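Just the one chain here, laid out as structure tokens, in the form predicted on its own.
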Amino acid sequence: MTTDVGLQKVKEVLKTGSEPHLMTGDQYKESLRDGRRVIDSKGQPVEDVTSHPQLARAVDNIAALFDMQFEPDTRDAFTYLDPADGERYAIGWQIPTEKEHLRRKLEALRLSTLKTFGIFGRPPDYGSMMALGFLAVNDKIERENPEFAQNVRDFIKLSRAHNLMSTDLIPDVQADRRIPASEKPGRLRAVEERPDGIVLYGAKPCGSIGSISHFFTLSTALSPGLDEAACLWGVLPANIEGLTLVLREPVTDPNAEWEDHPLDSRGEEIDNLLLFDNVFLPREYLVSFKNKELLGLYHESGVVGFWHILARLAVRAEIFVGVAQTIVDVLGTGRIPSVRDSVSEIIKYAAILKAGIIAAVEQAEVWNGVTVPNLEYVTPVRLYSIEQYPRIMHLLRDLCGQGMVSRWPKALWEHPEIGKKLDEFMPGTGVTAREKNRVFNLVWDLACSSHAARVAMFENTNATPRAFVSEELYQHYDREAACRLIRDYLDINPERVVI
């Protein structure tokens, strides 16, 4: 991959640091000042994504994760030394060739999730997941076009060398379902094919955190009647000419204080709509084109991404356990059987997700030289995580009792008259009234606020909606041995008629 599209600023930034393949938080911020076109929810152009009110706090959060690559206590979790050249690289872009590599990725994921409380679903260590999924099915890409298969390998190498942050794009924009797939006006498609690339026109939704990433990994979802010009996999620089990123309305207050909103005050992962106005995508960034067969590999190409999503939810579940028990402790409700039952249900949720992640790694498989988590464990536990998430949010709210509607902002606690009365009348168990109030503020941000609703929707659609995952489980879970056992025992036709 020789193209320089989208990388000029990144290359400049890397020259200023102590590590040639890693960025500090400040370098990351500078790398985003690359000429990308972003329009905010008020219709105004964003001159600098690092300082814009709707994005600045999110940028700060991600920058802190980049800084963890350099901090002594976390450097070895977020980076690794390549024995081939002795250089240090980001752990997310390491191609896993053994189970231990997956375990190391899990540790980085755990730390990034704890740092953000998991409300950022696209941290830097997630960025490689779709590209690694492409690599895992690279034999099938090779059959289509060896050049495209090499593009996959080159992009991973390029991203590793430049510490790139990426996010994926899969869904199509919503439109009248009566319109045939090939005629939908917003569907992204190639409107021109050239020897050196293709020209794209249309739109893509839900570019979570894309406005502050370097690249997108782009794929098309297979649907009936899809025309060849809309069948594509590729990678896309965020600052490529002709691309406009449109921000949705924010769901957090950019002026919120930490005490009143312990999570929302840290910003949000703002989603964006991508508008393609005759965007020229160089051939070096194409992974597949006009190949409907590959589009049917959503289950396989998403293998590493699905695992990362589930693993982040597993760490979030541990956070939920801590929050639940803290609620009980500060309210002194631990002797109430129904309360203990609710906390136990949250513990069960966390334990099942953790067990699924461990099993997926222990039973990992090797696809095209890539060690991938076992989907026979990832898929059913992913389905369970989607089904139970709303229930866990309800339990956290319910454990708080009146605390959810009896929260008081910092200004009242510091009021010379009101604050003293709040302290006097509302003490917690082993904590002050104000400390107890802070617990309720955290639960509000986790389970009640507009931001919490956005995160809940993201977790549902990001992990793929329940019905789709259920179909994946039916289609891909290996039950032949179990069926053979029953048929042999009953002495009936051993050959199943698959419908």
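As the structure is a computational prediction, the values presented were derived from the model and not from experiment. All residue numbers are counted from 1 along the displayed sequence.
Form predicted together with a small molecule: not shown, discussed below.
Proximity to the small molecule in the predicted bound form, taken as heavy atoms within 4.5 Å, picks out 160-168 from the listed stretches 87-95, 160-168, 100-108, 321-329. Among the residues Arg382, Arg122, Arg316, His308, the one placing a heavy atom within 4.5 Å of the small molecule in the predicted bound form is Arg122. With the partner omitted from this view, the residue of Arg454, Arg36, Arg438, Lys29 that lies near the small molecule in the predicted bound form is Arg454 [heavy atom within 4.5 Å]. The small molecule in the predicted bound form is not approached by Asn61, whose heavy atoms all lie more than 4.5 angstroms from it.
Looking at Asn138, you'd find every heavy atom of it more than 4.5 angstroms from the small molecule in the predicted bound form. Contact between Asn255 and the small molecule in the predicted bound form is not found at the 4.5 Å heavy atom cutoff. At a distance threshold of 4.5 angstroms between non-hydrogen atoms, Ala351 is out of contact with the small molecule in the predicted bound form.
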